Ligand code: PMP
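Just one chain follows, in the form predicted alone, and it is written as structure tokens.
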């Protein structure tokens, strides 16, 4: 007898990000600002005093308190995951029963739908309009008509960079019977007044995600946060594995969130650099056909163009990595110097390929 993989995984291939060494990496929406000397000193001190022979705190209490204080929350409403990916998979697995349907918007973060294929829950796609925006009334109708049990989407959106304002989100949450999971991984770059982070106790069907991978510049730590009312928070805590976040990540994260002024300064720098990148790309689009630059509330810029593959290859050949997505490209904002080089190289590409209007 021989063992065979089941149908849902037999044709899957492991995720493989772009490989190779590049002078400029703008493909993964990471924070291009690495830790300062002060932050690195803090890390070294933590490493020197960490009890590596002991299991991590299963409740992540200090990290939850530090995160909650940074955003003005009650730490009892916070659950920590090994990155938001763990939380996405956990919530889809635990909050959906066999046969329950979930809904994703499209385009959006691909892992939402991927995990539904592993949990074997039917997943409905709600397509955004031509401008890549969501018609909230139509979305409400779709959720209710399809008897959706879980709705998940990113706001602001990865990969489009656009967002739904708070009043529209509230309208959605109040008018559906589904659990709404609002992934605010990029909200630090938009406007906290548009966040529902502080409103979670007003609703019995809301979970809000945050992450340390973007504005905090700590993708290596793999820290994701689920914020919800006490009932939902207790349920998430009950179904997660007890030691899911390692001690080093907990300790570093707890200290980083205490440095409010430094983090706010980093966020402001990223926002300003993104605005400069966006404005330069818009200027390029005015001089060539088929180069649509979408408004952004994030740390990246989304562009629709039929020559995206050519540009992607050209930039790679110049040691610059961006994200190619079929008819679209996504460029994470780098430092001011990196953005200048990227824009210069894109202009070189357009000149060499003669794409500019005559």
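These numbers were taken from a predicted model, which means no experiment stands behind them. Residue numbers count along the first chain shown, from 1.
One more form of this protein, predicted together with the ligand, exists but is not displayed; see below.
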item	value
Contact assignment for the ligand in the model of the complex, among 119, 259, 249, 158, heavy atom within 4.5 Å	158
Single option in 185, 179, 139, 80 placed near the ligand in the model of the complex, where near means a heavy atom within 4.5 Å	185
In the model of the complex, segment of 89-97, 282-290, 170-178, 104-112 with a heavy atom within 4.5 Å of the ligand	104-112
Interface membership of residue 198, the ligand in the model of the complex, 4.5 Å heavy atom rule	no
Contact test in the model of the complex: residue 85 vs the ligand, heavy atoms, 4.5 Å	yes
Touches the ligand in the model of the complex: residue 223 (any heavy atom, 4.5 Å)	yes
Contact test in the model of the complex: residue 255 vs the ligand, heavy atoms, 4.5 Å	no
